[in-house]
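One chain follows as structure tokens, the form predicted alone.
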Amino acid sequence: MADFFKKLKKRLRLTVQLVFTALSNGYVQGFAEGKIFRGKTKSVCVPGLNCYSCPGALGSCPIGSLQATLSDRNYKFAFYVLGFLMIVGAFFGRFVCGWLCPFGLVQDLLYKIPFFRKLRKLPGDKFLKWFKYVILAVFVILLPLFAVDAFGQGSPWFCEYICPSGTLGAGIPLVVLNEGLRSVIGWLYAWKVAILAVLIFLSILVYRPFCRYLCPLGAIYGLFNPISLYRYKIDSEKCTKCGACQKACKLDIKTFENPNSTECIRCGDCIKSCPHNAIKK
């Protein structure tokens, strides 16, 4: 029993990720019948990226909910969703990305697949990491607000044209499980599957490319990292700036200089690797 708990502690983050993914996507009947859950909990947001249309989803994705509100001609300000994002961000920051996001778990598992050469980051990383903020501003906020039809109704642009989590969790399962949908899929479905395929390959090659470069939810939570209640501190008396934390960090963050970087997903690898126990939560 003691060995079991030791192994559980060693793999605590993976265990939490698996449990939370199972709980937030626990509508097994949806996968069996190819139907979307429509119970009362669907009006409640979950912290991570989790497509509303996934057959197993018991809650709503905050990014999808934000777009749905902004694109609705009757509601132009998402009080509930923005409040939810601010509260979660203020408490946890990007801890959500590292521990509670189902698509983050998918990327973590893909990165474990052996490859002849792993990359610390993609070429142009310095500029690519700002692209998620462009996606947040353009596809999540501006286009749903202002690119409207004749009736003043917008569209969920990020969900419709980019989100790989929606393709993996909703698009592919629904098409596989519903014969009627297979006859009407077109270029948009092919485009979304192509994005997913590229990200799957990149996730084997480099750690969490979607989180680094594309995720608007991570962009929001990252802004809270420096001020969230859950944040890291460096004990300047113990830290020797040896660089062990940066070497252990799969996102290549200089934790000893910027422990609350907007890119940090709070995986805890830097804390485990520090030989001087200088990094504290």
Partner chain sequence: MTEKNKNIIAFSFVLVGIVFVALGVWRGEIESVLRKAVNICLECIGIG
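Residue numbers count along the first chain shown, from 1. This structure is a prediction, so every number in the text was calculated from the model and none was measured.
As for the form predicted in complex with the partner chain, it is not shown, yet the points below apply to it.
*Asks:* For a quick test of understanding: in the model of the complex, does each of K121, A137 and G218 have a heavy atom within 4.5 Å of the partner chain?
*Replies:* No, the candidate spot makes no contact with the partner chain.
*Asks:* Would you mind picking the one in M86, L142, L177, I204 that has a heavy atom within 4.5 Å of the partner chain in the model of the complex?
*Replies:* The residue in contact is M86.
*Asks:* Of A197, V148, L109, I185, which one comes within 4.5 Å of the partner chain in the model of the complex, counting heavy atoms only?
*Replies:* Checking each option against the partner chain in the model of the complex, the one that comes within 4.5 Å is I185.
*Asks:* Which is the contacting stretch out of 41-49, 209-217, 241-249, 24-32, given heavy atoms within 4.5 Å of the partner chain in the model of the complex?
*Replies:* Looking at the other structure, the answer is 41-49.
*Asks:* Residue-level contact is defined here as any heavy atom of the residue lying within 4.5 Å of the partner chain in the model of the complex; does F256 satisfy this criterion?
*Replies:* No, F256 is distant from the partner.
*Asks:* Taking heavy atoms only, is A170 within 4.5 angstroms of the partner chain in the model of the complex?
*Replies:* Residue-level check for A170: yes, a contact with the partner chain.
*Asks:* Would G166 count as touching the partner chain in the model of the complex under a 4.5 Å heavy atom rule?
*Replies:* It does: once the partner chain is placed as it appears in the model of the complex, G166 has a heavy atom within 4.5 Å of it.
*Asks:* Can you work out whether K192 and the partner chain are in contact in the model of the complex, taking contact to mean some heavy atom pair no more than 4.5 Å apart?
*Replies:* Close contact exists here: in the model of the complex, K192 approaches the partner chain to within 4.5 Å, heavy atoms only.
*Asks:* Can you name the residues of 210-224 that have a heavy atom within 4.5 Å of the partner chain in the model of the complex?
*Replies:* The stretch touches the partner through F224 alone.
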